[in-house]
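There is one chain below, alone, in structure tokens, taken in the form predicted on its own.
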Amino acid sequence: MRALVRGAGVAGLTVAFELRRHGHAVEIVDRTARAGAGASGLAGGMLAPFCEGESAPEAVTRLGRAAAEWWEAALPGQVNRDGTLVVAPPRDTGELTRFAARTAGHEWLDEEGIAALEPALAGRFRKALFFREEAHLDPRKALVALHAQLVKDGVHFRLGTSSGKDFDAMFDCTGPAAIGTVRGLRGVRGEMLYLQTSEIGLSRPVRLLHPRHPIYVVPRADHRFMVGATMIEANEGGAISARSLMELLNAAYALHPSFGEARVIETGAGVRPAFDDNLPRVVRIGDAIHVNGFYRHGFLLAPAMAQEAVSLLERVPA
């Protein structure tokens, strides 16, 4: 079967990968000039199903538990399996107890345990939660690698256009572009920044629980750290707001004062599509199968949704 995939973000690329795995011919179109140019490139890349269970429906944990294995199989060597560390300032240790009560798959650490995992944080926090089974990847590197793998597997990319031809099935993975077309889909603005400093090193994502500004800091190569992310109900992208920039920087400084001397090398804001329950959906609308509504769980849930989308295609006679 010849399949057209509209959208070359994480949703479209994972759908294309599953389609090829099932033997279908695939063409991807995207109105941007390169794959992964949208909000997917601003993601944290955390494959953290247990941590996300703190505020997300149970389905996020259940569907996301196989994500690290999927990404490792698709892109060997891209997944870092050092877990997730969750900390809180001494005055907010009650937040850790609350977080632990709402999640699974964690173990408690004392100051010595924190220092053993992340020496840079030694003496800064009394207690922490360690989610040993969680993982993360660099979204930008993963998107580039997945694009290259799909080209190698015979997938045809037509970038800079939103139309295709000569196909038997169509998958719409256009993210926020589908707001107003897919019923119930809304936008959630996410803002992030990149800091660069050689004064601190981290081996895994660290989540800082804070009553007003909970953040995560994800280490990247070249002494870079991705700091994110806001969740604002809005359909507009554009530049980061001054308020969000200050909140993210203040929270990073609370994690470690060395971030106060870091260079801000990038800021960004993107619109993440979501439904009212903040769970993604695979729905057939007319002749198209829509895969959308990933909210903040794009890399975590895209593999499961891609598999569901291909399964839906193969259940329906052509």
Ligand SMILES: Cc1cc2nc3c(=O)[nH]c(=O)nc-3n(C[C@H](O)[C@H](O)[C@H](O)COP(=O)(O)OP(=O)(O)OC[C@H]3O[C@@H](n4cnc5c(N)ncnc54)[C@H](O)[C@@H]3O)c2cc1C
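Every value quoted in this text rests on a predicted model; they were computed, and no experiment measured them. Residue numbers here begin at 1 and follow the sequence given.
Although not depicted, the form predicted in complex with the named molecule is the subject of the following passage.
Trainee: Considering 255, 262, 56, 39, which brings a non-hydrogen atom within 4.5 Å of the named molecule in the model of the complex?
Mentor: Looking at 255, 262, 56, 39 one by one, just 39 meets the 4.5 Å heavy-atom criterion.
Trainee: Find the only residue in 245, 177, 144, 115 having a heavy atom within 4.5 Å of the named molecule in the model of the complex.
Mentor: For this set of options, the contacting one is 177.
Trainee: Mind telling me which stretch in 106-114, 226-234, 72-80, 119-127 gets its heavy atoms within 4.5 Å of the named molecule in the model of the complex?
Mentor: It is 226-234 that comes within 4.5 Å of the partner.
Trainee: Though only this chain appears here, would residue 184 touch the named molecule in the model of the complex if you measure heavy atom gaps against 4.5 Å?
Mentor: No, no contact at 4.5 Å.
Trainee: Considering non-hydrogen atoms and a 4.5 Å limit, does the named molecule approach residue 131 in the model of the complex?
Mentor: No, residue 131 stays farther than 4.5 Å from the named molecule in the model of the complex.
Trainee: Is residue 90 near the named molecule? Define near as a heavy atom within 4.5 Å, in the model of the complex.
Mentor: No, no contact at 4.5 Å.
Trainee: Would residue 97 show up as a contact with the named molecule in the model of the complex if we use heavy atoms at 4.5 Å?
Mentor: Output for residue 97 is no: heavy atoms all beyond 4.5 Å of the named molecule.
Trainee: Check each residue of 244-277 against the named molecule in the model of the complex and list those with a heavy atom within 4.5 Å, in sequence order.
Mentor: The stretch 244-277, when checked against the named molecule in the model of the complex, contributes 270, 272, 273 at the 4.5 Å heavy-atom cut-off.
Trainee: Once you account for a change of 3 Å or more, let me know if residue 161 and residue 181 sit closer or farther in the model of the complex, using their C-alpha atoms.
Mentor: Closer is correct, given that in the model of the complex the C-alpha spacing of residue 161 to residue 181 is reduced by at least 3 Å.
Trainee: Tell me whether residue 237 and residue 162 end up closer or farther apart in the model of the complex, going by their C-alpha atoms; the shift is 3 Å or more.
Mentor: Result: farther.
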